[in-house]
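Just the one chain here, laid out as structure tokens, in the form predicted on its own.
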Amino acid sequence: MIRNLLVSTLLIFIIAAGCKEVSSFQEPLDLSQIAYHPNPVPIKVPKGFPQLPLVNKNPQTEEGIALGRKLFHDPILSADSTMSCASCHFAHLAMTDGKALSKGIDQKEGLRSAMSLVNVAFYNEGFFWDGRVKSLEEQALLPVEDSIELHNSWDQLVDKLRTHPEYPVYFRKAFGIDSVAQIDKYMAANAMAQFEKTLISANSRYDQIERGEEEYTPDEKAGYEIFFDDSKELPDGECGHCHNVPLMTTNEFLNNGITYAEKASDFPDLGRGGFTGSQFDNGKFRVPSLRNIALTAPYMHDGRFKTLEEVVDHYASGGHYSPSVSPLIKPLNLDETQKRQLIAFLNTLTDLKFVQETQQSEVY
């Protein structure tokens, strides 16, 4: 009888423990009791900037941006939890990493440098150096599973997010999900895209001068006139054709003559052509914005130029021949003083307020 009592007691204990385990496992699955009141946060388009591409499918909210910022800075995104998106996009470097070729979690170098994320909300011709995706939401999906970058799988990452002590609540508040089972990669990418669209820079010294708040120094003014061909006395630097106001980029894909190629197939990196399959696009890359350019060295898609002086010397020389090189790439009649003045103007494009505010909002 005592033996039967012990067995019965043990069974009750096991059943109770089992019920408790199931209950604790099911508890975070139901998120419906958590308040869902998203607060819309329209993107403030700076005066003179172009209209934003339609965002109806991913409207900006305070909660979505908060989730995106947290994900962007969280090394949980990588397979070994050592790297995040922010590992290659630092605020003090205008959302670049200061490396010629960025490395992933396995310490393997990629083929290209990390592009700045400044003003990416206004890109309308594709993302990455070759423009292979159409939207920020699509772009945010790729680094996680890139074999050189974060080298993870979305299935594994989503499992971690669903069982994380904090993320289910963030996803509920951002997207109104009722269960952790609804968390998926598209929600995560949408949130990161919402955060990245807030990275707007429009308060550089150049902007302040254009608003009448400051004045150019003589060297900066001369550099401005060379950049935009705004003087009969000074030579045309041919800069403003590809780096036009207000974004300091035309969002085009061009070959700027940094690589000599006898034939279209001779480029070590086909660039845009590797995506489109057209030989006429071989050697073409996205024209980067020059906003905050003084902070984003080294330069070009492969980081081959360490300084702005080297960049200006390249353009002044007329570049190298290749079948797809832009006709705007030709020798410039710039002397050393004029090169220095051009760089003085480029330095006016640094937005320290953007850097400071972005650093303050970083999450680790």
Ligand code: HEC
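Numbering starts at 1 and runs along the sequence shown. Just so you know, these numbers come straight off a predicted model, no measurement behind them.
Although it is not shown, the form predicted together with the ligand is what the next lines describe.
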- prompt: So in the model of the complex, does residue 329 come within 4.5 Å of the ligand, heavy atom to heavy atom?
  reply: yes
task: Would you check, heavy atoms only and a 4.5 Å threshold, whether residue 72 touches the ligand in the model of the complex?
output: yes
task: Look up in the model of the complex whether residue 207 has a non-hydrogen atom within 4.5 angstroms of the ligand, and give yes or no.
output: no
message: Can you work out whether residue 171 and the ligand are in contact in the model of the complex, taking contact to mean some heavy atom pair no more than 4.5 Å apart?
response: no
- line: With the partner omitted here, the residue among 224, 267, 127, 122 that in the model of the complex has a heavy atom within 4.5 Å of the ligand is 127
statement: With the partner omitted here, the residue among 308, 31, 66, 43 that in the model of the complex has a heavy atom within 4.5 Å of the ligand is 308
Non-hydrogen atom within 4.5 angstroms of the ligand in the model of the complex for each of 139, 143 and 243: yes
- prompt: If we take heavy atoms and a 4.5 Å cut-off, which stretch out of 171-179, 127-135, 158-166, 273-281 is in contact with the ligand in the model of the complex?
  reply: 127-135
- request: Could you run down 206-240 and flag each residue that has a heavy atom within 4.5 Å of the ligand in the model of the complex?
  value: 227, 237, 238, 239
